[in-house]
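In the block that follows, a single chain appears as structure tokens, in the form predicted alone.
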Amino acid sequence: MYDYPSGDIQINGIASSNGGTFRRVTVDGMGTIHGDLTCMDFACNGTCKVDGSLRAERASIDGISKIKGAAHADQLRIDGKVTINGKLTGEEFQVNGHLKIHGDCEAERFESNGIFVIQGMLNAGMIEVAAHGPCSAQEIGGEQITIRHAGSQFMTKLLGTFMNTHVTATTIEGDYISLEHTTAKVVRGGRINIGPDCIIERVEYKDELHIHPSSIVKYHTQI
């Protein structure tokens, strides 16, 4: 357990603060943190810019946050919009809003009911994605990976007319993989279920492979 000082940051209007180490940092208005920030609890309900890196045990973002450097949170919940220029690391992530990361994302558990764009690798022990819009990562890796489309088949077809609702990755690799509405060049793993509306160039499986008739798999092989 980190030994935090007793000081807090509370921003209710438009204000800025220097970085440092605090117990709680709360932004309900428009705040700018100049420098690296370390805290036990970070909560943003308005607009916040961290002009450095962020490290928190618990982070909750309902508004809009931009982090210039890397970010680390043991527990992170996003209901708003977050942009991270560096990498994101931690334990448990819950994404209900919009997450954009210019680097990698590493966690023990990654759950998404929103939209994410990860320009590096998404790596987690368990990955559960219910896609509400276009999601992408350069590579996706984990022990258990489940990607499904959120909503009914009717809404899927309706939304698909107006926007791309696929999850896109170059490579998806894991022990157990279950995919819907996914586009990938290579899917590699032990037990693989290719559900509806997937476009996969190559599947390499070790134990089991099931392919939904509505999906396109150009080549598959048992390794």
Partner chain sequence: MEDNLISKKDLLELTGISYGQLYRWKRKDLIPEDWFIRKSTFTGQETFFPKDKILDRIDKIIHLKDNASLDDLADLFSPNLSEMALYAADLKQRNIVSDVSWQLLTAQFGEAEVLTYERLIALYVLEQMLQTGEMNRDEGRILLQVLNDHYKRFDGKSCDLIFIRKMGVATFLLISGGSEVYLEDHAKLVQRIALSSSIEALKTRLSK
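Treat the numbers as computed from the prediction; the structure is a model and nothing was measured. Positions refer to the first chain, counted from 1.
Keep in mind that the form predicted in complex with its partner chain is not shown, yet the notes after this line are about it.
H72 within 4.5 Å of its partner chain in the predicted bound form, heavy atoms: H72: no contact with its partner chain in the predicted bound form.
Any non-hydrogen atom of G125 within 4.5 angstroms of its partner chain in the predicted bound form: So G125 counts as contacting its partner chain.
Exercise: N85 in contact with its partner chain in the predicted bound form, heavy atom 4.5 Å: No.
Its partner chain contact at D79 in the predicted bound form, heavy atom, 4.5 Å: Contact with its partner chain, no.
Heavy atom contact within 4.5 Å of its partner chain in the predicted bound form, the stretch among 172-180, 22-30, 38-46, 53-61: This holds for exactly one stretch, 172-180.
Contacts with its partner chain in the predicted bound form - residues in 19-44 whose heavy atoms fall within 4.5 Å: Going through 19-44 in order - heavy atoms within 4.5 Å of its partner chain in the predicted bound form - there are no hits.
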